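Just the one chain here, the form predicted alone, laid out as structure tokens.
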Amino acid sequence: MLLAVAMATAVDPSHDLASERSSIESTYELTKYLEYQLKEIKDVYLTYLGPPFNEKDFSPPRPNSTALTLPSAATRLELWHGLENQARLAQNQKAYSVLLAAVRELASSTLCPSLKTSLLHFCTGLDGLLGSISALMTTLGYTLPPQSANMRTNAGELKVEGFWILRELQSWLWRSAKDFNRLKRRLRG
């Protein structure tokens, strides 16, 4: 009798749907929190870099020699929305894996103790987001993408890289929040 109840619970689609919704909701909330946290860190980091990085309209060209090999969050929205959920989640996973390594690199090269602490705390959140995306993919029955390699940049390129890492991270967090919100709406229907 107990086995029959356990099997009924295991194949109960409403249980799976509730689990998927919960996983998506927590991933969405963490993304929104990180998006908010990044706004503060980015301002402090750009002030730490000084002129011209902290000037409002400054936008250096993205270096050709970048070690940053993540998919750009600048993909046209209609192309992005045309991807299957699994492909979008895999791209998010890959991007955050590379960005986490990049932010750790920024933290290790930062001389300001309070900024270093903020960046490392942010890394903890990004690591949690990676775990949440992995859990969500597993819950939805998707295969996890392979781990991305760590990033290494020389000190001369690090200021420009840091600028682009934070900009790209901001774009990814915005896009991810939109994606998780769309997933939530799809599961309601």
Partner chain sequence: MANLVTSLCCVVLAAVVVAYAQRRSQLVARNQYERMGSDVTMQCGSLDNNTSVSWKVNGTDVKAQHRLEGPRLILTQVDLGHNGLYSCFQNPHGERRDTILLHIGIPPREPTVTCRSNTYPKGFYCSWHQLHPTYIPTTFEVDVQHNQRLLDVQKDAVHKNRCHVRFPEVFSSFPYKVNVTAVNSLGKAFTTISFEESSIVKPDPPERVTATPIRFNPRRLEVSWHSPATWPDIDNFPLKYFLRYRPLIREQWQHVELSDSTSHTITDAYAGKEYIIQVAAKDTEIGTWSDWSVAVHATPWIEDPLPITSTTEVDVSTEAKTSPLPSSNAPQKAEAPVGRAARVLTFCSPLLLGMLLLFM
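Remember, it's a predicted structure, so these values are computed and weren't measured experimentally. Numbering follows the first chain given and starts at 1.
Not pictured, yet referred to below: the form predicted in complex with its partner chain.
The three marked residues, Y36, H121 and T124, fail to reach its partner chain in the model of the complex, with no heavy atom of any inside 4.5 Å. Interface membership of T75, defined by any non-hydrogen atom within 4.5 Å of its partner chain in the model of the complex, is confirmed. Using a 4.5 angstroms threshold between heavy atoms, S23 stays clear of its partner chain in the model of the complex. Its partner chain is not shown here, but in the model of the complex it comes within 4.5 Å of a heavy atom of S59. The shortest heavy atom separation between K159 and its partner chain in the model of the complex exceeds 4.5 Å. Looking at 97-113, no residue comes within 4.5 Å of its partner chain in the model of the complex, counting any heavy atom.
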